[in-house]
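There is one chain below, alone, in structure tokens, taken in the form predicted on its own.
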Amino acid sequence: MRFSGLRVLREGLTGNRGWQAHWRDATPRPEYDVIIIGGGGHGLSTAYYLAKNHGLTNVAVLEKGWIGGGNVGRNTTIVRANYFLPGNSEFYSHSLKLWEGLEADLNYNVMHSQRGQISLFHSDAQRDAAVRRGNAMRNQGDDAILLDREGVRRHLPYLDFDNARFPIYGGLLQPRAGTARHDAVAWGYARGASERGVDIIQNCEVTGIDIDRGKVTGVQTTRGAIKAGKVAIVVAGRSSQVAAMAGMRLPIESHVLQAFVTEGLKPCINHVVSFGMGHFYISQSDKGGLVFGGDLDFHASYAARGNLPMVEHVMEAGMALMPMIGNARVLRSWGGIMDMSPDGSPVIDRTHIEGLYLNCGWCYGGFKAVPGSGWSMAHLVATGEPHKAAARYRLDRFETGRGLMDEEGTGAQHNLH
């Protein structure tokens, strides 16, 4: 089933009776070449690129719930490539380029909107850091524009420019950054993988990983045992729990990140805006709701819900930045379980167990990384070698101390990243 303007018009005139299911709701087979544990954005994109780029179609994606029910449907949908350090910079640059061709590639509307992101700074030191970051972005081949105070005012006239505590000195603009529709991304990748022969298996929780003489042989699930020569763990905040089934102890902490959305409003915020003096970021959805978030809840948890002190903290940051949102009614909030690494950068690597691969540690960067992560993970699983864009995302850097990528300079404390 191909989507096109003509098809949409024809279905609209005929009662929309010709649409088909977007993907096959498959039943597990006894054996696959590759099993991907986790049906979120990273797992689905891995399956899609395994089939598209490497011709591997005897693949199963095992999701314990439903497609789109995890972190891929619990985020603030921001897409950007404004990273500074080597290793991160080239990876997110690669991912952004994939985003820009994603809808044509998938033949699916993921509502990718390159509305631009402005990261504010509020001191001379922050300005210097923004200059360094912008130069690194441009050296990588990406876009970056340094805005002074009046430049920010032209783009964002609704900010509080008279705030004596947090004066706005300027901002770093990446015009190619923006947002996308999170669940549409999951559906598009699931559809693309399924039509290439991948089995998307929902309501299939992995309960064990089978290993024989140092080599993975398959998994145990709530729907029976399934054999495979290669298994990829791509489960975000559940990474430590699933890896423990293989006897591994990961350097990962799981924390809750809350996000919020208001009632629908007339268009008023044209960009993604990040507050430089508090972890606050905001954009406006196509339906008019203001979508925003802030810091983690700062205590390890597997509960996909937040606590009230952090709600207050996020609201305070929003009001300090843009008092105009004070009368907007918050309709709902939600929590996603974040897999936080010690240096704030992810892992895409083989494990010491032959045939077992790991994708985790995305911290705040998970959604924007979905295409690049899947592309790189598929390359690793298919060829046994890391993709050049993700070559520094090694697991052993936490053991040796070589190659650590502390993007924010906050040290080896998971919850600060």
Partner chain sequence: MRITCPICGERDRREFYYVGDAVALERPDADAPPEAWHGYIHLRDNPCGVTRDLWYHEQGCAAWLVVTRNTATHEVLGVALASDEKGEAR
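Numbering follows the first chain given and starts at 1. Being a predicted model, the structure only gives us computed values, none of them experimental.
Beyond what is shown, the protein has a form predicted together with the partner chain; the following relates to that form.
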| Can we say Asn58, Arg196 and Lys215 each have a non-hydrogen atom within 4.5 Å of the partner chain in the predicted complex? | no
| in the predicted complex, which of the stretches 218-226, 148-156, 205-213, 237-245 has residues with heavy atoms within 4.5 Å of the partner chain? | 237-245
| said: Against the partner chain in the predicted complex, would Ile233 count as a contact residue? Criterion: heavy atoms within 4.5 Å. | reply: no
| Exercise: Arg80 in contact with the partner chain in the predicted complex, heavy atom 4.5 Å | no
| Hey, in the predicted complex, does Val272 get a heavy atom within 4.5 angstroms of the partner chain? | no
| Is Leu257 close enough to the partner chain in the predicted complex to count, meaning some heavy atom within 4.5 Å? | no
| request: Residue by residue through 304-328, tell me which have a non-hydrogen atom within 4.5 angstroms of the partner chain in the predicted complex. | output: Arg305, Asn307, Leu308, Pro309, Glu312
